[in-house]
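Single chain ahead, by itself, as C-alpha cells, in the form predicted on its own.
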C-alpha cells in the first residue's frame, strides 16, 4: 500500500523519503555507521562534539545573516570574546575565593599552571561546585558576547552591505590581536589552562562533555526555531528581504538589527566558551577567521541559508566528511604522492570542491529555507471551514 491515512493526513512513503532533509539524514546515518564499524565509538563522539560546537556558532551566524541579512564576516569576534571570558574570568573568581593570585599574574604561564590544578581539584570535590562553575562560565560568556554584539552594532549597524561586512571582519581581527598581545588577559601568545568542571567525572569526562554540549546545541536550536517563527522572526525576514518596505511599515530597522546582533553574538560566545571548556585551555592565536568565520559560513551555505534544520544537517554532514578525509586521506589518496601531491592538504581541497558542487547544483543549500504561512495550516483550515459554513447559512 503506497499511501495510507494517518490522522486524516495522507502519508506517502515515497514522497517522505524523497524529501531533501530525509535523504541527508539517511546519508549521515550511513556514514556514521561506516565510521563506527571501522573506527569505533570514540570517533563518533569526536564528530558529535565538533558538530555541537560548530552547530551553535553556525546557527548564530544563520540568525544574523540568513534571517536578518547582515553580512556577518566577523563571526570569530563573538567566539573569541566567549573564549576569553571563560578563560579569564571564572578562574580568577575562584582564585580570589581561594586566596590565590587573581590579578594579571593569573595569566602568567609560570603561575597559571600551578593555580588551575588547585582550582580543578576543588571542583572535583563536589558536583555542585562543578555545576555552578559550568553554569557561571556559560552565563559570563553569553553576557560578554551580548555586550560585544551591542558594541559592534553601534558604529557598524547603519552601514550597508560591503562596508558593514568589512567592519565586522575588522572587529574579529582586532579582538584576536588584542588577546594575542595583552598577556595579562589570557596569556598572550602562550596558552593558559582553564579549570575543568568535567574532571569530576573521571574516565567518563569525554562522554559527559559531548552529551552536555550536544544538549545545549539542541536547546539553542529549539530557541532559534521559536524565535524565528515569532513576530520578531518575521520582522527579521522582512528587513532582510526589503528594508525600505520594512521601514515604511514602521519597523525600527536599526533596533531590530541590533537585537539580532546581540542575540547572535551571545549564542556564538556561548559556543566559544564551550569549546574552551572542552579543550581546557585558551590560546588567542587559535581563534582564526578560517576556523570560526569561514567554516561556519561553509556549513551555513552547504546546509541552507535561512534554514535552521538545514544548518544542523550541513554542519553534521561536513563534520563527518572532514573527519573522514583526515582519517583516510593517505589510505585513499596515497597514490597522489607519485605525482608530487601530498594528501595532507586534501582536507581543504576536497571540502572546497564539495562546497563548490553544492553551490553549483543546489545554490540554496541541501535543505533550503521554506516559505511558511503566518498561521498554522490547521488554523487556516478552520477559518476556511467557518467561512464555508457561513456562506451555506446565508443561502
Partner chain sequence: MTPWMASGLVYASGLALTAGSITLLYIVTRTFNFAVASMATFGFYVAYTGVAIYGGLPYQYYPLVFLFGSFLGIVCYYGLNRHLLYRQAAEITLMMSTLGYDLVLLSFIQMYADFLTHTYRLFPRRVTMNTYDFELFGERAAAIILPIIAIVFLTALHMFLTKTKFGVAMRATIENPILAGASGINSDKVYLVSWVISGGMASLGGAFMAMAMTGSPTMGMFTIPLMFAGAILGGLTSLYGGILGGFMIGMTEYAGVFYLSQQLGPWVLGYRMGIPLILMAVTLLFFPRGLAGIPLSKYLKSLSGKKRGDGV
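Values in this document were obtained by computation on a predicted structure and should not be read as measured data. Residue numbers count along the first chain shown, from 1.
Form predicted together with the partner chain: not shown, discussed below.
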So which stretch, 359-367, 324-332, 24-32, 39-47, is the one near the partner chain in the predicted complex (non-hydrogen atoms, 4.5 Å)?
-> 359-367
Identify, from the list 230, 181, 252, 102, the residue with a heavy atom within 4.5 Å of the partner chain in the predicted complex.
-> 181
Within 4.5 Å of the partner chain in the predicted complex, heavy atoms considered, which of 113, 223, 174, 127?
-> 174
Report whether all of 338, 341 and 345 sit within 4.5 Å of the partner chain in the predicted complex, measuring from non-hydrogen atoms.
-> yes
Is residue 198 close to the partner chain in the predicted complex, meaning a heavy atom pair under 4.5 Å apart or at it?
-> no
4.5 Å heavy atom contact, residue 143 and the partner chain in the predicted complex | no
Although the partner chain is absent from this view, report whether residue 163 comes within 4.5 Å of it in the predicted complex, heavy atoms only.
-> yes
Can any non-hydrogen atom of residue 170 be found within 4.5 angstroms of the partner chain in the predicted complex?
-> yes
Within 4.5 Å of the partner chain in the predicted complex, which residues of 286-313 have a heavy atom? Give them in sequence order, or say none.
-> 289, 290, 294, 297, 301
